[in-house]
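Next comes just one chain, in C-alpha coordinates: the form predicted alone.
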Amino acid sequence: MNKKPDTQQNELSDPDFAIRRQQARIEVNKLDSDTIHDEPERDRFFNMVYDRAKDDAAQIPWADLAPKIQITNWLTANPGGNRRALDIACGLGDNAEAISNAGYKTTAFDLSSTAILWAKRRFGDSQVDYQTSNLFELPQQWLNSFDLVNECYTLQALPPVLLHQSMSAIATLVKPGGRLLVYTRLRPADQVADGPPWPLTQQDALAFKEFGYELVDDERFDTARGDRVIPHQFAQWRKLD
(Lines give C-alpha, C1' and ligand atoms only; values in the text may rest on other atoms or scores of the structure.)
Protein backbone atom coordinates (compact mmCIF):
# COMPACT_ATOMS: atom_id res chain seq x y z
CA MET A 1 0.00 0.00 0.00
CA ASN A 2 1.30 3.44 -0.91
CA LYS A 3 2.07 5.80 1.93
CA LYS A 4 0.90 9.38 2.08
CA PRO A 5 3.42 11.55 0.23
CA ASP A 6 5.80 13.64 2.31
CA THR A 7 4.61 16.72 0.42
CA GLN A 8 1.08 16.11 1.65
CA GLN A 9 2.24 15.88 5.26
CA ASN A 10 4.08 19.19 4.83
CA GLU A 11 1.06 20.84 3.20
CA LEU A 12 -1.35 19.82 5.93
CA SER A 13 1.01 20.96 8.70
CA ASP A 14 1.68 24.36 7.11
CA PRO A 15 0.13 26.98 9.45
CA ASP A 16 -0.49 29.37 6.53
CA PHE A 17 -2.15 26.76 4.33
CA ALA A 18 -5.73 27.59 5.35
CA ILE A 19 -5.14 31.33 4.87
CA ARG A 20 -3.69 30.80 1.38
CA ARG A 21 -6.52 28.39 0.53
CA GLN A 22 -9.20 30.93 1.48
CA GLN A 23 -7.53 33.68 -0.53
CA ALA A 24 -7.11 31.33 -3.48
CA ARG A 25 -10.79 30.39 -3.32
CA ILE A 26 -11.73 34.08 -3.67
CA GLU A 27 -9.33 34.61 -6.55
CA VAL A 28 -10.28 31.43 -8.38
CA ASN A 29 -13.99 32.14 -8.01
CA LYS A 30 -13.39 35.58 -9.52
CA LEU A 31 -11.46 34.06 -12.42
CA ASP A 32 -14.19 31.49 -12.91
CA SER A 33 -17.04 33.98 -12.86
CA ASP A 34 -15.32 35.95 -15.61
CA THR A 35 -15.08 33.02 -18.05
CA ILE A 36 -17.50 31.97 -20.75
CA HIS A 37 -18.91 28.65 -19.66
CA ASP A 38 -18.51 26.44 -22.70
CA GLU A 39 -16.20 23.45 -23.09
CA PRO A 40 -13.08 25.22 -24.47
CA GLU A 41 -13.30 27.92 -21.80
CA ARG A 42 -13.72 25.34 -19.01
CA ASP A 43 -10.62 23.56 -20.30
CA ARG A 44 -8.63 26.79 -20.31
CA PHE A 45 -9.88 27.69 -16.85
CA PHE A 46 -8.80 24.44 -15.20
CA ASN A 47 -5.43 24.47 -16.92
CA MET A 48 -4.92 28.06 -15.80
CA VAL A 49 -5.69 27.25 -12.14
CA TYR A 50 -3.20 24.39 -12.02
CA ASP A 51 -0.52 26.34 -13.89
CA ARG A 52 -0.77 29.45 -11.72
CA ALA A 53 -0.63 27.40 -8.49
CA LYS A 54 3.13 26.85 -8.90
CA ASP A 55 3.05 23.58 -6.89
CA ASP A 56 1.20 25.17 -3.95
CA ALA A 57 -1.78 22.91 -3.27
CA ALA A 58 -3.45 25.69 -1.28
CA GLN A 59 -4.08 27.38 -4.64
CA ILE A 60 -6.33 24.50 -5.80
CA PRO A 61 -9.57 25.11 -3.84
CA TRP A 62 -11.11 21.71 -4.68
CA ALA A 63 -8.03 19.68 -3.67
CA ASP A 64 -8.75 18.08 -0.29
CA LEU A 65 -5.33 16.32 -0.20
CA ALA A 66 -7.21 13.23 0.99
CA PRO A 67 -9.70 10.85 -0.62
CA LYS A 68 -13.40 11.34 0.02
CA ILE A 69 -14.50 9.29 3.02
CA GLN A 70 -17.57 7.93 1.20
CA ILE A 71 -15.28 6.59 -1.52
CA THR A 72 -12.82 5.00 0.92
CA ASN A 73 -15.70 3.39 2.83
CA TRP A 74 -17.05 1.93 -0.42
CA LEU A 75 -13.61 0.65 -1.39
CA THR A 76 -13.19 -1.06 2.00
CA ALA A 77 -16.40 -3.00 1.33
CA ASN A 78 -15.56 -3.60 -2.34
CA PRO A 79 -11.84 -4.39 -2.78
CA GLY A 80 -10.50 -4.57 -6.30
CA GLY A 81 -8.97 -8.00 -6.71
CA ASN A 82 -6.87 -6.56 -9.55
CA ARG A 83 -9.94 -5.52 -11.53
CA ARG A 84 -9.64 -2.39 -13.69
CA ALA A 85 -10.67 1.07 -12.46
CA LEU A 86 -10.68 4.59 -13.87
CA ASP A 87 -10.68 7.86 -11.90
CA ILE A 88 -12.14 10.77 -13.91
CA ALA A 89 -10.60 14.27 -13.62
CA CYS A 90 -8.24 13.00 -10.95
CA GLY A 91 -6.61 16.33 -10.05
CA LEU A 92 -3.80 15.78 -7.54
CA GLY A 93 -4.51 12.06 -7.27
CA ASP A 94 -5.89 11.33 -3.80
CA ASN A 95 -8.99 9.40 -4.88
CA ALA A 96 -7.02 7.55 -7.55
CA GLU A 97 -4.45 6.43 -4.99
CA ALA A 98 -7.20 5.20 -2.65
CA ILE A 99 -8.69 3.14 -5.49
CA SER A 100 -5.28 1.68 -6.33
CA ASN A 101 -4.57 0.91 -2.68
CA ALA A 102 -7.85 -1.00 -2.53
CA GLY A 103 -6.50 -3.45 -5.10
CA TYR A 104 -7.73 -2.04 -8.41
CA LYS A 105 -5.50 -1.77 -11.46
CA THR A 106 -6.08 1.96 -11.73
CA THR A 107 -5.91 4.47 -14.55
CA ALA A 108 -6.53 8.15 -13.75
CA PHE A 109 -6.79 11.11 -16.07
CA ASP A 110 -7.12 14.87 -16.02
CA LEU A 111 -7.25 17.39 -18.84
CA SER A 112 -4.49 19.38 -17.12
CA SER A 113 -1.01 18.02 -17.83
CA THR A 114 0.22 20.11 -14.91
CA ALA A 115 -2.15 18.29 -12.55
CA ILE A 116 -1.00 14.91 -13.87
CA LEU A 117 2.70 15.71 -13.40
CA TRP A 118 1.91 17.08 -9.93
CA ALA A 119 0.08 13.88 -8.94
CA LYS A 120 3.00 11.78 -10.14
CA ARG A 121 5.39 13.82 -7.99
CA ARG A 122 3.17 13.58 -4.92
CA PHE A 123 2.96 9.81 -5.20
CA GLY A 124 6.39 8.85 -6.44
CA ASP A 125 5.96 5.10 -5.93
CA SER A 126 2.41 5.03 -7.28
CA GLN A 127 0.96 2.10 -9.20
CA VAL A 128 -1.61 4.39 -10.85
CA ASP A 129 -1.34 4.95 -14.59
CA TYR A 130 -1.76 8.74 -14.74
CA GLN A 131 -2.65 10.17 -18.15
CA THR A 132 -3.63 13.51 -19.66
CA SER A 133 -6.96 13.24 -21.46
CA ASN A 134 -10.24 15.04 -22.08
CA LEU A 135 -13.62 13.58 -21.13
CA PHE A 136 -14.94 14.47 -24.58
CA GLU A 137 -11.96 12.97 -26.45
CA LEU A 138 -11.49 9.63 -24.70
CA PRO A 139 -9.18 6.89 -26.00
CA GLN A 140 -11.20 4.27 -27.86
CA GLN A 141 -9.59 1.46 -25.88
CA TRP A 142 -11.19 2.81 -22.68
CA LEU A 143 -14.75 2.35 -23.90
CA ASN A 144 -16.69 -0.36 -22.05
CA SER A 145 -13.42 -1.40 -20.39
CA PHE A 146 -13.51 -0.67 -16.66
CA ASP A 147 -14.98 -2.64 -13.79
CA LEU A 148 -15.12 0.55 -11.70
CA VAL A 149 -15.32 4.20 -12.74
CA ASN A 150 -15.16 6.98 -10.15
CA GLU A 151 -16.60 10.43 -10.89
CA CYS A 152 -16.12 13.05 -8.18
CA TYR A 153 -17.23 16.68 -8.71
CA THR A 154 -16.71 16.63 -12.49
CA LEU A 155 -20.35 16.87 -13.56
CA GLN A 156 -21.00 19.88 -11.36
CA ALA A 157 -17.88 21.63 -12.66
CA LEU A 158 -19.36 21.86 -16.14
CA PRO A 159 -22.31 24.06 -17.16
CA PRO A 160 -25.75 22.41 -17.44
CA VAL A 161 -25.65 22.65 -21.24
CA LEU A 162 -22.84 20.05 -21.13
CA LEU A 163 -24.44 17.75 -18.54
CA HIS A 164 -26.04 15.25 -20.94
CA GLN A 165 -22.86 15.06 -23.05
CA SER A 166 -20.75 14.57 -19.92
CA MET A 167 -22.96 11.80 -18.54
CA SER A 168 -23.00 10.09 -21.92
CA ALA A 169 -19.20 10.12 -22.09
CA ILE A 170 -18.86 8.76 -18.56
CA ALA A 171 -21.45 6.06 -19.21
CA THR A 172 -19.42 4.63 -22.10
CA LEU A 173 -16.45 3.79 -19.87
CA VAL A 174 -17.95 1.09 -17.63
CA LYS A 175 -18.10 -2.51 -18.82
CA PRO A 176 -21.43 -4.35 -18.55
CA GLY A 177 -21.99 -5.37 -14.93
CA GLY A 178 -19.43 -2.81 -13.72
CA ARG A 179 -19.89 -0.08 -11.15
CA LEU A 180 -19.99 3.71 -11.47
CA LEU A 181 -19.52 5.92 -8.40
CA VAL A 182 -20.79 9.51 -8.60
CA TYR A 183 -20.04 12.10 -5.90
CA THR A 184 -21.69 15.50 -6.41
CA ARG A 185 -23.45 18.44 -4.84
CA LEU A 186 -27.24 18.66 -5.14
CA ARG A 187 -29.65 21.57 -5.43
CA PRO A 188 -33.46 21.85 -5.25
CA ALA A 189 -35.23 21.56 -8.59
CA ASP A 190 -36.61 25.11 -8.28
CA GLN A 191 -33.19 26.63 -7.56
CA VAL A 192 -31.40 28.23 -10.49
CA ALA A 193 -27.92 26.85 -11.18
CA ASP A 194 -25.89 30.06 -11.24
CA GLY A 195 -22.48 28.43 -10.88
CA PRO A 196 -19.80 27.54 -11.16
CA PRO A 197 -20.17 25.06 -9.67
CA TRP A 198 -23.54 23.86 -10.96
CA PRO A 199 -24.96 21.36 -8.42
CA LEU A 200 -27.25 18.74 -9.91
CA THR A 201 -30.97 18.48 -9.27
CA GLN A 202 -32.26 15.12 -8.08
CA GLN A 203 -33.63 14.50 -11.57
CA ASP A 204 -30.21 15.29 -13.06
CA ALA A 205 -28.45 13.04 -10.57
CA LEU A 206 -30.66 10.06 -11.49
CA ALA A 207 -30.27 10.51 -15.25
CA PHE A 208 -27.74 7.68 -15.60
CA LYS A 209 -30.83 5.45 -15.87
CA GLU A 210 -31.16 6.85 -19.39
CA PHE A 211 -27.75 5.37 -20.28
CA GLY A 212 -28.43 1.78 -19.24
CA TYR A 213 -27.64 1.90 -15.52
CA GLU A 214 -29.53 0.82 -12.43
CA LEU A 215 -29.15 2.62 -9.12
CA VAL A 216 -27.62 0.34 -6.47
CA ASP A 217 -27.21 2.80 -3.60
CA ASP A 218 -28.02 6.49 -3.06
CA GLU A 219 -26.41 8.11 -0.02
CA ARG A 220 -27.45 11.69 0.80
CA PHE A 221 -25.51 13.82 3.26
CA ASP A 222 -24.64 17.44 4.03
CA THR A 223 -21.25 19.12 4.27
CA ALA A 224 -20.60 22.42 6.01
CA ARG A 225 -18.54 25.27 4.59
CA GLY A 226 -18.54 28.27 6.88
CA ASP A 227 -22.17 29.15 7.53
CA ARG A 228 -23.40 27.13 4.51
CA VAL A 229 -24.75 23.60 4.51
CA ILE A 230 -24.30 21.92 1.13
CA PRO A 231 -26.41 18.86 0.18
CA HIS A 232 -24.48 16.03 -1.47
CA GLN A 233 -25.12 12.69 -3.09
CA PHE A 234 -22.85 9.65 -3.31
CA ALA A 235 -24.46 7.21 -5.72
CA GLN A 236 -23.46 3.73 -6.81
CA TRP A 237 -24.66 2.61 -10.23
CA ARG A 238 -24.46 -0.75 -12.01
CA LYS A 239 -24.22 -0.91 -15.79
CA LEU A 240 -26.80 -3.36 -17.10
CA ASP A 241 -25.61 -6.38 -19.04
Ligand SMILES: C[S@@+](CC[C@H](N)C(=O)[O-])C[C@H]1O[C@@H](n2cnc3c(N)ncnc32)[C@H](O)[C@@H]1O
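Residue numbers here begin at 1 and follow the sequence given. Being a predicted model, the structure only gives us computed values, none of them experimental.
Not on display, but discussed next: the form predicted in complex with this ligand.
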item: In the predicted bound form, residue 213 touching this ligand (heavy atom, 4.5 Å); value: no
item: Residue 134: touches this ligand in the predicted bound form, heavy atom cutoff 4.5 angstroms; value: yes
item: Residue 208: touches this ligand in the predicted bound form, heavy atom cutoff 4.5 angstroms; value: no
item: Partner contact for residue 157 in the predicted bound form: this ligand, 4.5 angstroms, heavy atom; value: yes
item: Contact residue in the predicted bound form, chosen from 126, 112, 107, 101 - any heavy atom within 4.5 Å of this ligand; value: 112
item: Interface stretch in the predicted bound form with this ligand - options 74-82, 167-175, 87-95, 140-148, non-hydrogen atom within 4.5 Å; value: 87-95
item: Stretch 137-154: residues contacting this ligand in the predicted bound form, 4.5 Å heavy atom cut-off; value: 152, 153, 154
